[in-house]
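Only one chain comes next, encoded as structure tokens, the form predicted alone.
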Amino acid sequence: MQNKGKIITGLVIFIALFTFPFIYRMGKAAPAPDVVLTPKALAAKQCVRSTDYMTAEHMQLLDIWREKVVREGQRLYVTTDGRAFNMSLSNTCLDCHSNKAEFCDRCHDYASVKPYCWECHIDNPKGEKQ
């Protein structure tokens, strides 16, 4: 009990040092990166789904596509407005969004996610210069 004051002082200093980075950065999150679209994507003006949906739910859509293509052999995706797309990350998505470093990687790095898409799919299927 003789060291009670030293222990409490040490705990207060430890808690202050440990929480300082969190308190200092509170409310100062880095802004989300701007999406860089290719000229082809800009000319298309419309993606497979709405921009809001694709921003938030693209991985779920890609998972559904993977299941349909691999498990059921279905390759055609028809949107609610009747447009048809080939369910292909390499040939449909990367046809408009061909610059993986500027389009995919910027957001994935910001969100600290490591998608496993590129374990099987190549990021530049047509060999275009970036």
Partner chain sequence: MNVNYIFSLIVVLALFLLAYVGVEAAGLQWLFGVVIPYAAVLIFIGGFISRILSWARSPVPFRIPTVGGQGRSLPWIKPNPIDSPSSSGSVVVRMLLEILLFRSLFRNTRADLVEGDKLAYRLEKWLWLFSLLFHYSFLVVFLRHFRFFLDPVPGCVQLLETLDGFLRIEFVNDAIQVGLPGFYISGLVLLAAATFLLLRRMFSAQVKYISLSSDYFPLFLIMGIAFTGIIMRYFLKTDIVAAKALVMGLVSFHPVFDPALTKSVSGVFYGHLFFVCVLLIYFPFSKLMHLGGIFLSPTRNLPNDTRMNRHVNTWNYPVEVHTYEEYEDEYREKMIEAGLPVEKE
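We call the rigid core whatever largest set of C-alpha positions still superposes within 1.5 Å between the two forms. None of these values were measured; they are calculated from a predicted model. Residue numbers count along the first chain shown, from 1.
We do not show the form predicted together with the partner chain, though everything after this point is about it.
Non-hydrogen atom within 4.5 angstroms of the partner chain in the model of the complex for each of 44, 92 and 96: No: none of 44, 92 and 96 comes within 4.5 Å of the partner chain in the model of the complex.
With the cut-off set at 4.5 Å between non-hydrogen atoms, does residue 83 touch the partner chain in the model of the complex? Although the partner chain is absent here, residue 83 would stay clear of it in the model of the complex, with no heavy atoms inside 4.5 Å.
May I ask you to check whether residue 56 falls inside a 4.5 Å heavy atom distance of the partner chain in the model of the complex? The answer is yes: residue 56 has a heavy atom within 4.5 Å of the partner chain.
I'd like to check something about residue 49: if you look in the model of the complex, is any of its heavy atoms closer than or equal to 4.5 Å to a heavy atom of the partner chain? No, residue 49 sits far enough from the partner chain in the model of the complex that none of its heavy atoms falls within 4.5 Å.
Would residue 11 sit within 4.5 Å of the partner chain in the model of the complex, counting heavy atoms only? Yes, residue 11 lies within 4.5 Å of the partner chain in the model of the complex.
Does any residue in 21-54 get within 4.5 Å of the partner chain in the model of the complex, counting heavy atoms only, and if so which ones? Residues within 4.5 Å: 21, 22, 24, 25, 27, 28, 29, 30, 32, 33.
Does residue 112 move its CA by 2 angstroms or more between the shown form and the other one when the core is aligned? The answer is no, as the C-alpha of residue 112 shifts between the shown form and the other one by less than 2 Å after core alignment.
Cα-Cα trend for residue 28 and residue 59, given that in the model of the complex the distance shifts by 3 Å or more: So the answer is farther.
Any idea whether residue 21 and residue 109 get closer or farther by CA distance in the model of the complex, knowing it moves 3 angstroms or more? Result: closer.
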